[in-house]
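Taken one at a time, structure 1 and structure 2 that follow are two forms of one protein chain, written as structure tokens.
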Structure 1
């Protein structure tokens, strides 16, 4: 083994590079691309087109349960999708019931509606009349099931403590009265919504998910448990492109592209090093290099 490491040379260095090089390169590349985006072209996936088509089925006055099942950290990833989707909701004049699945959610409405101010002003979209924020809903199974079964037994006031009586939410008895669930998720209560709203009442559900959870949601999409999926920041950027409203998503796509390419380069370097090193030593199977 010692002899082998002596023989490694440049190949060994390539095969066993310090992971801190990956951190440094990724940090520098992403930071530079975010500060100085050059606006490279992007491809639009069929998945995002299908998401847009699903939102287009909504009519004016439809009731949508918008569940912000994300922490603030997750919001930073989902922001393009959240903004683009809500722009569509406002333009269509759907009624929104907004809930958060995390205590940090209390900081989200001021931030999100500040970004949407142009749309809410243009379409005269007002709190209490067009949208009601019911606030924090405990994201566990029992709480979601309870809310789905008897909405008004669990929600009597909005997030500011004002009664929801007299708003469009009077029409809601149980979750089956919603026309759509629009979920933005880091994984908090999404499965519970599928179990207790989609399966129980057959309400269509669209999901905007963080990247790491997308493979799991793809299975839900394929099985028809959710009707459309918007994947991470990239999906949000594509939706921004489709509705012709550039925002934070499209701005970050250069960083996305270069981040992925840099990772590919590290994989290639590692494999060249692995091949060269183990070939030279003639003991590839005995190295156990990770």
Structure 2
């Protein structure tokens, strides 16, 4: 009788532990994983490999239209892919024309290039010579269509108000003069770029998309409208792994992994307790043990 009472007590504690411990444990585990990531193994999808392969086709001096169609909230999800892709661009020495599809885009260059400083310093990659930021130029589809047809009729200065004349953008007459579009999107302007640049001029386009938009872009990928797709934070983490440059993506994957492991452990504990406690319900009714 005492043994049954002791076992019942253990199982009852396992089945009815205070759920606040779950939240506390998750908070501690996720926080520690972000501060001290250990680099858990990560599988690389065929999509991410294809994305990297497409970027590898670029040569030094190629012209890439880097379209940041994201607001700050979307950037936090796309950050790993944005940084990893631009590291590749810088290492390859391609020329970047950077445009925004959201007015919050004006706050992104200082944040992004601060984190790319090691690469820009190592490769002497400078604004004006190697990349030009033309700013928020995509408020609607008409703007995309106009810029695609006649670049210099619609863009004369960069985002700081300085003339773009004399930069590598002198080579651009219309969107067909770009070698690639690299789009980072939360759903802004991307369809317009497909309609007025990809379909009109045949420029290859790679896309780094937030998770909820991935299914729609998979349809574009299958239809040949885009040439490669990087899926959300997970895709960015995979690209970080491929280029051997750990960043926010792989840190996030560590947090996701250990967070899920801890949840599984709590679920197992709860189920063992529930089974052990409830299967003795008959004995408790007969003996009065609670």
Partner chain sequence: MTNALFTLPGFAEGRLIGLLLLILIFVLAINFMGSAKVPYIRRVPALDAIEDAVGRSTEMGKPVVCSYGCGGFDYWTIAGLSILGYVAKICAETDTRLIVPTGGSASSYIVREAAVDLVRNAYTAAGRPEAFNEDDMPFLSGEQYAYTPGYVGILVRERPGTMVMTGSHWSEAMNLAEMANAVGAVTITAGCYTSNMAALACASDYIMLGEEQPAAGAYLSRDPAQMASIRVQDIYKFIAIGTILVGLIAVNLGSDIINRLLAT
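These numbers come from a predicted model, not from an experiment. Numbering follows the first chain given and starts at 1. Rigid core (definition): largest C-alpha set, two forms, superposition within 1.5 Å.
Undergrad: Only one of structures 1 and 2 is the form predicted alone; identify it.
TA: Structure 2 is the matching one, since it is the form predicted alone.
Undergrad: My question is whether residue 225 is one of the residues whose C-alpha shifts by 2 Å or more between structures 1 and 2, given a fit on the rigid core.
TA: Residue 225 C-alpha, core-superposed: shift of less than 2 Å.
Undergrad: Using the core for the fit, does the CA position of residue 26 change by 2 Å or more between structures 1 and 2?
TA: It does, since the residue 26 C-alpha is displaced 2 Å or more between structures 1 and 2 after the core fit.
Undergrad: Determine, in Å, the CA shift of residue 17 between structures 1 and 2 after the rigid core is used for superposition.
TA: Core-aligned C-alpha shift comes out at 16.9 Å.
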